[in-house]
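In structure tokens, one chain follows: the form predicted on its own.
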């Protein structure tokens, strides 16, 4: 019996695709080439996402604009070290695809740090692909928007509060100073500390925001000029604890005026990276300076911070310190946050 040979494929046959069709989405892309450094919102495809072995793909709902994002968007500091790259050091969203059994499609997740938005494409985009080890489930009781209203800044504020607590700074110990209080870290720190029962003194260069800060729970608001100029090695003992996001002379003066045995948690450099201080507060008053890193903090510490935020942060106060913008609005907000013109937290709805 002769062999039956099927007819050659004709026009009705479906072609075999070498690659699945691209899904297009919008992202705030940072580029650097012979034409220079630039940032802009573009429509990109799945091939712009990094290849991650055992990775998780997330449909991003919200991101934020933090001080580091401002540096990245404007190019004021060499934050971004790989190009092109999607900006955004944090995000909250829903898993769409996962190669890791810890996460499945539909899971609500969040991310802070790990070099995302610096060496790995980040959250100012409608999609992200990251290592499963970098993700945390969104704590029960928080929406995706609330998770990013907290964001990296609020999570960093909680790390500062945890450091003070573990040092022994408790409600009733004495005043707790928060510098840069109208900014992202500062505003959440004020709200957290006040909710926990501390007497909070807020330092800000925007004295017009005194009402806003008192609404978050600050008992007293002082002008940053009291702390931002060169000072003495030791000053009058005032603070049981300090949360500082400013650095430079402000941090040095905060240390010089911290009470015997007190603690300072330092997490920022808005005034500068220098520390023009003295050893006097450390060897004469026994104060402790805690350095707070949010980028590479161990997962157990992250989980503790987020659990405490979900439990201890007054969500009504969180809403009061939060404004919302679009992905295009995030581009303009980069310069605004560096200039100190962004109050509280700025959430980005990446799908608007």
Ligand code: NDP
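These numbers come from a predicted model, not from an experiment. Numbering follows the first chain given and starts at 1.
In what follows, reference is made to the form predicted together with this ligand, a form of this protein that is not presented.
Interface residue among 121, 204, 146, 253, judged by heavy atoms within 4.5 Å of this ligand in the model of the complex: 204. Of the residues given (263, 125, 267, 142), 267 alone sits with a heavy atom within 4.5 Å of this ligand in the model of the complex. Look at 60 to 68, 282 to 290, 310 to 318, 26 to 34: in the model of the complex, residues with non-hydrogen atoms within 4.5 angstroms of this ligand sit in 60 to 68.
At a distance threshold of 4.5 angstroms between non-hydrogen atoms, residue 258 is out of contact with this ligand in the model of the complex.
By the criterion of a heavy atom within 4.5 Å, residue 153 is counted among the residues contacting this ligand in the model of the complex. Although the partner is absent here, residue 294 is a contact residue: one of its heavy atoms lies within 4.5 angstroms of this ligand in the model of the complex.
This ligand in the model of the complex comes within 4.5 Å of a heavy atom belonging to residue 337. Contact residues in stretch 233 to 247 (any heavy atom within 4.5 Å of this ligand, taken in the model of the complex) are 245, 246.
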